[in-house]
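Just the one chain here, the form predicted on its own, laid out as structure tokens.
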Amino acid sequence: MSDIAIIKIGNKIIVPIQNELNDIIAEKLQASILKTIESVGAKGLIIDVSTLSIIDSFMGRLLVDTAKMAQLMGCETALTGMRKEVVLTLVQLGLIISDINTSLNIEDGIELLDRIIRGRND
């Protein structure tokens, strides 16, 4: 898991998933993300999957669950960089949930989370 960076920028953390993850590493990554949200008080989480061409059912559920857990901790999530194959898989598995934010890339994800966080603070 040491090769998966969790990058803090302002009040957000960015997790670029570069490689396919086995179930054990994916669970460790989830725990590490949640621990980082808690320790830095992150208000936004971006999980970028732009380099992944496939996501299995376990990883899909883990991403959705991580977004929900982060939200319960007061941290909005954006999944970014989903390729058409990933989107098709998530839809076929019934894992697309309307309250999970998505964007095409990390830059758009940052802008989206900035708007959401500002709106929540107004």
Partner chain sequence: MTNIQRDKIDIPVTSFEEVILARQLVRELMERLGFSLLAQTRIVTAVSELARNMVVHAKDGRLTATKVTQGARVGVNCIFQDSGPGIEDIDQAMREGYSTTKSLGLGLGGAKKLCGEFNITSSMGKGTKIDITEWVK
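Please read all numbers here as calculations on a predicted model, not as lab measurements. Positions refer to the first chain, counted from 1.
Form predicted together with the partner chain: not shown, discussed below.
T89 belongs to the set of residues with a heavy atom inside 4.5 Å of the partner chain in the predicted complex. The closest heavy atom approach of N11 to the partner chain in the predicted complex falls outside 4.5 Å.
The partner chain in the predicted complex comes within 4.5 Å of a heavy atom belonging to R61.
Of the heavy atoms in N105, none are within 4.5 Å of the partner chain in the predicted complex. Residue L93 is the only one of L93, M73, A31, V40 with a heavy atom lying within 4.5 Å of the partner chain in the predicted complex.
The putative spot formed by L79, D114 and I116 is not touched by the partner chain in the predicted complex; no residue has a non-hydrogen atom within 4.5 angstroms of it.
Contact residues in stretch 41-65 (any heavy atom within 4.5 Å of the partner chain, taken in the predicted complex) are S53, I54, I55, D56, S57, F58, R61.
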